[in-house]
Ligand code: 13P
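Here's a solo chain for you in structure tokens, the form predicted on its own.
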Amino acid sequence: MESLKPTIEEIASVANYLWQKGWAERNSGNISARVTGMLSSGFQISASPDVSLLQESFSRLAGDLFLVTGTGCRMRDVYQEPEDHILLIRITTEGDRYEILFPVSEKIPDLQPTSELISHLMIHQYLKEHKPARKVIVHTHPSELIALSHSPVYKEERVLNRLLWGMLPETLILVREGLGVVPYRTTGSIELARASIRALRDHDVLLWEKHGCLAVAPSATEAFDLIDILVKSADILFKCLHAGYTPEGLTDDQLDELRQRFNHT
């Protein structure tokens, strides 16, 4: 497991960021990372792992390894005790089952992967084929962006992105594809995962209406950063509104200048 230690530590650090930001109430949010090929050749499974049936078959993930946060785990606990709250799982060669390789926690002996595992695996399967550099998924509940999704005006993706880009130049520079808006679907459902995959064709960070955000990136830190930048823009908006005025925002000409300077199409 030593070869996975940097990735585990990074997931733990991001879990702490989510908690400190107030985006991870109780046991909300989850993180997963595809780590196939990262285990040292000397890694040995100490005992025959239990095998669990999946609701869907993931043939393109057969044999792949994932680090995933456990179901019911609080992000603050993931940070403080990652060895007890992050699991290493492997998809079987048939693609319709997974086995837990690590840990066998003395504190939580029956720990299972996040309840949104199917959604994560569906998205990872899409990413592996279409965006292979993006191996990490971070899902969390940033209040400012969720609040915007309660407005009929800002459910329209074009309007929402124009607003967020206009609050801060770095938002356009660093989140050039903008925020993908996914209409409300039941938490943890296959329908939500499928809607997310459609939105990921054009975006790396999504707003699940009235629920939260999901970001994909090469690392957990980069996924966190995408959400953090967008939240900054939303926070500026709300601060202006709270102060009693509607923010002017960057003009279309100013945004176009940014696109040209930073080679955005």
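Numbers follow the displayed sequence, beginning with 1. Quick caveat: nothing in here was measured; it's all calculated off a predicted structure.
The same protein has a further form, the form predicted in complex with this ligand, not shown here; the description that follows concerns it.
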| query | finding |
| --- | --- |
| Interface membership of T187, this ligand in the predicted complex, 4.5 Å heavy atom rule | yes |
| Touches this ligand in the predicted complex: A193 (any heavy atom, 4.5 Å) | no |
| This ligand contact in the predicted complex: H141, any heavy atom under 4.5 Å | yes |
| Contact test in the predicted complex: N27 vs this ligand, heavy atoms, 4.5 Å | yes |
| The unique member of Q80, T93, S151, S115 whose heavy atoms fall within 4.5 Å of this ligand in the predicted complex | S115 |
| Contact segment among 170-178, 155-163, 122-130, 67-75, judged by heavy atoms lying within 4.5 Å of this ligand in the predicted complex | 67-75 |
